[in-house]
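Just one chain follows, in the form predicted on its own, and it is written as C-alpha cells.
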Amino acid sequence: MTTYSTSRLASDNNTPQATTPLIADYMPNAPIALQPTKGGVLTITQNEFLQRVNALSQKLPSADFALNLCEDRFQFLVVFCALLLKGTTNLLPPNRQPLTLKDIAKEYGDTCYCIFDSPNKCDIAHIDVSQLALDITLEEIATAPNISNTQMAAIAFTSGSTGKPKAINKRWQTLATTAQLLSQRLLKAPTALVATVPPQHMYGLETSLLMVLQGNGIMHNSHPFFPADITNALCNTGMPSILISTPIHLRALIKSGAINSDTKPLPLQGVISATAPLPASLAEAYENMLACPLWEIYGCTEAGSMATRQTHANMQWALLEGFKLHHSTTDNTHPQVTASAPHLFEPAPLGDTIEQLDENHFLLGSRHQDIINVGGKRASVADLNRQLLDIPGIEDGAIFLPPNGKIESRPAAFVVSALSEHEVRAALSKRIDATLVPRPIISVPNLPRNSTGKLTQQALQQLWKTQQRDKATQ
C-alpha cells in the first residue's frame, strides 16, 4: 500500500503551505468520475483513480516537459496527475496542428515528448498511454499525494483570439486554489459535471478537471458537442448535474429544440458559461428554457478564473475570495488593470477595461485591442458582435477588421443566416450607428470556431482571404 504524507490546504489560513494534496478531501470510496457504458454509467472511485495515476507515473519516462494530448477527459486527468507526480510539466498547446506541436516540442528541449491516448502518427517522440496502461500494476493508495505548491504543473497557451498564442506558466498552488474557490462558490454539494469544452483549455481544465480534484465536482467522462449528445450526457449522470459550456454551444442547444416544454426535465442544477460574455436578455432566456441558474466566469489565461456573476440577476462581476484589482494611470491610451491574489505568483495584467464598483465588484468594458474608429465613431468590436448575434435569424456571426485593416477602417462581417445582406444591414442599422454597420456582410455556411467556440484572428483572416480569392476568380 502506498502512503503519502499529509498537509493542510493552501487556502486554509494565511500561512503559505509548502504543498497541496492532489485531492483536497480524499475519501477512497467517494466517486471521482462517471464513465458512460452501454448499460448506464460506471462509477470510478477516488482510490481507483489514484491507483491508476500512481501506476502510470512509474511507467512514464523522466522529462521536464510533455505535451498532454489525450482526448478522453478522464484519461487526460490521469495523465495530467501522473505527470505531476513525475515532476514533469504538462504542456497544453493552443491546437493540435502538427506544426504547432513541433514548434512547442522544439522549444521545450530534447526530452519533451507527446502523450496520446490512441494510436497516432506523429514525428515527435510520443507515447500511446492506452498501450502503456495495459502493463501496469495497481496497488492500494492510503492517502492522496502532496504536490509542491511551487511546482510548474502546466504551461498553458493563450487561444490566439487576439493575436499570437502566448505561453503562461501555471504552478500547482495557483491551479488548486482557483478550483477550490470556484467550487466553494458554484458547487454546494457533490455534483456531476458535464462539459462541452475540452480539458486542454484553461476554462475546461479549471472547471471540468480541477474542481473534481479540489471541490465537489464529479466528472462525467464525455465531451458532448451536438445538442442531442449534451442532453443524453446530462440524463446519463443519474444525479444533479451542472453543464459547463460556452455561449456558442448554448445557442446551438437552445436553437436545436432538443429542450422544450414536451421533453423530460434535465437534472440540471446550473449552467456555467465562459469564453465570451452573454447579454442579460440571452442569459434570462437560457435560464427560463433550462429551468436553472446560469453563471458566467470571467478570467484570463494569466490569472485563471477570477470572478463570477449570475447575469440575469446582476450584471456586476463578483471577485473570487482574495482577488484584488489594481488600476494604473501611467498609460495614456488605456488605463491598465492588473489582478493579484495570494495564490498568484505574480500580478496578472487584464486585457479589458474595468469599471470597479467597490472592492469586490466590477463591470466589464471592452478589450483594449477591441476598439475601432470609423468616421469618428468609436466602438468595441465585441459589443458590435453582441448586437449582431442578438438579431433574430442570425445563427452565428462575426464583425471584424479585414486583414491589414487599420482601426479607422470599416469593419466587415461574416454571418451564418438565411437572412439577406440587406436584411442584416437593416437590422443592424436599428441597433448601431450607421457608420459602424459592416460592409460587406458575407453569408457563410459556418465559422471556423475552435473547440471552445472562439474565433482566432488567424482563422478569420484565412476565411477572409479565401472569400476574396474566390470572389476574384468568379
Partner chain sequence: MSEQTEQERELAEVLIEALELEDISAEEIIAQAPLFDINAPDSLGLDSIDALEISLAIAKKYQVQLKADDENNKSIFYSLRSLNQYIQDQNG
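Rigid core (definition): largest C-alpha set, two forms, superposition within 1.5 Å. Small disclaimer: the values here were computed from a predicted structure and weren't measured. Residue numbers count along the first chain shown, from 1.
Same protein, other form: the form predicted in complex with the partner chain, not shown, and the subject of what follows.
Residue contact with the partner chain in the model of the complex: residue 225 places a heavy atom within 4.5 Å of it. Residue contact check for residue 258: one or more of its heavy atoms lie within 4.5 Å of the partner chain in the model of the complex. Although the partner is absent from this view, residue 283 stays clear of the partner chain in the model of the complex, with no non-hydrogen atom inside 4.5 angstroms.
In the model of the complex, residue 185 stays away from the partner chain, with no heavy atom inside 4.5 Å.
Residue heavy atoms within 4.5 Å of the partner chain in the model of the complex occur in exactly one stretch of 58 to 66, 39 to 47, 22 to 30, 427 to 435, and that stretch is 427 to 435. By the 4.5 Å heavy atom rule, the three marked residues 251, 410 and 440 all count as contacting the partner chain in the model of the complex. 229 is the sole member of 287, 352, 321, 229 with a non-hydrogen atom lying within 4.5 angstroms of the partner chain in the model of the complex. Screening 239, 136, 85, 374 for any heavy atom within 4.5 Å of the partner chain in the model of the complex leaves a single hit, 374. Core-superposed comparison between the shown form and the other one: the Cα of residue 26 travels less than 2 Å. Residue displacement note: residue 44 has its CA displaced by under 2 Å between the shown form and the other one (rigid core superposed). A movement of the C-alpha atom of residue 35 falling short of 2 angstroms is seen between the shown form and the other one when the two forms are aligned on their rigid core. Between the C-alpha atoms of residue 438 and residue 275, a gap narrowed by no less than 3 Å is obtained in the model of the complex, as opposed to the form on display. In comparison with the shown form, the Cα-Cα distance of residue 275 and residue 467 increases by at least 3 angstroms in the model of the complex.
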